[in-house]
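Next comes just one chain, in structure tokens: the form predicted alone.
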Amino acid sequence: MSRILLVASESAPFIKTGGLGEVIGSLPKALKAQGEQVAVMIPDYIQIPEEYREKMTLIQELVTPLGWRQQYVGLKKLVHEGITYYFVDNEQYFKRDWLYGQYDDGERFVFFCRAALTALPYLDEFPDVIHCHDWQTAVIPLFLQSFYQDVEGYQDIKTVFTIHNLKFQGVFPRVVGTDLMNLPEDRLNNEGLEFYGKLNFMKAGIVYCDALTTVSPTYAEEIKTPFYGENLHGLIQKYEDKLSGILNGIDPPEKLVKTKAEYRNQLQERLGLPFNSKCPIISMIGRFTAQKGMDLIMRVIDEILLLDVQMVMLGGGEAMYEWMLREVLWHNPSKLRVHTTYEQDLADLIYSASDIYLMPSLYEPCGIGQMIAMQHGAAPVARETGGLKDTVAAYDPETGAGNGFLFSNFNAHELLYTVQNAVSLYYDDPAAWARVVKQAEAADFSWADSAGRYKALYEQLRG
């Protein structure tokens, strides 16, 4: 058994903005089921609901160095569903309107990383492994090597750094390193944090961690290439010996209590779509961004809506796409609904009512939507990239194998052709369609296998 501390910038159910929060909410329980001793540490954001805040206990007040400063740290604790959570409190940094995108994000997360290490003696136990996630916690391995190698209790700690999305790297002016980190010059050069005249936190995690992971096997290979590597592909190639891809999992869904047709009618009634018990519902849930393939969708959405289908899109994102969708909606009031305010109960209903789920991503480190959709009996139409390639098996009309529909190139008409094939199968061969859906529902996306891989990695580091 290893003592594992997961450090991240968000975690369900307390605070989440996307997949990272989902993972940090689910992975600890799966690791505990593998016999690991797990704790989690996140910032104490003001947005954490009062129902959790009132259960927190302040266990220590201390200060942490931040360059020449000494900054206050309030360390709070809460046990939730058998997992111990620690919250780093400092209102100067975490009493904000938004989690990210602040003018001083570099300072905020340097503070969080240094505070996390300063707080270790006050946890229930010292960790054997600190598992860091994305750029917000990426300088923890660097700080551990730079300041704590001779400090009692810290010497044997190993670090794992997981890249959830290489696109977001935490790039800041050099002054963040000189003024806030108090690092020697050899940590700020090209072999360390330096990145085109600035400092790159993601780079620090890659260089200084003991083990490097990302969230799917295919994405682990993709980020070694220029197209997916976001100007870090050469660095990742240099450290590929410590890189592995471990697919994210999801919690098992609640058991569906209605038929697909009943959920379809419920969704049509809620969104004001015409009642139609036969046509397939095509859905997309997520951010309306270029990464999610919105350019492809907007290029062919009129052709998709010429098919005998209804289409529902839930999410928000770039104003350009929202404006374009409003225009399409104006011309297709009986076939399309677009909901730009995320509501969890509506998302659940859309998954349950959908027959086809769109994920034509430009890149997709892992993807969770396609897994949830498949467990709700919706066949994904996805681009063959990242975790989509690892979780969706293309339907083969010769053998009947497959649990979805894939296309290879980032091309709008390949997307359209694949959607047309899926809709044709739905109407022309109900038995084959039922087989695809059954195989989608049978796919195992539980955390058990992935948590076992993390457990083996932790043991290897300690060994």
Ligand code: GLC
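What you are looking at is a predicted structure, and each value in this text was computed from that prediction instead of being measured. Just count from 1 along the sequence shown to find any residue number.
The discussion below concerns the form predicted in complex with alpha-D-glucopyranose, not included here.
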item	value
Option touching alpha-D-glucopyranose, based on a heavy atom within 4.5 Å in the predicted complex, out of 248, 159, 354, 310	248
Residue among 362, 298, 368, 232 with a heavy atom within 4.5 Å of alpha-D-glucopyranose in the predicted complex	368
4.5 Å heavy atom contact, residue 19 and alpha-D-glucopyranose in the predicted complex	yes
alpha-D-glucopyranose contact in the predicted complex: residue 206, any heavy atom under 4.5 Å	no
Partner contact for residue 23 in the predicted complex: alpha-D-glucopyranose, 4.5 angstroms, heavy atom	yes
Residue 265: touches alpha-D-glucopyranose in the predicted complex, heavy atom cutoff 4.5 angstroms	no
Partner-facing stretch of 310-318, 108-116, 161-169, 80-88, counted where any non-hydrogen atom is within 4.5 angstroms of alpha-D-glucopyranose in the predicted complex	161-169
Contacts with alpha-D-glucopyranose in the predicted complex, stretch 194-223 (heavy atom within 4.5 Å)	215
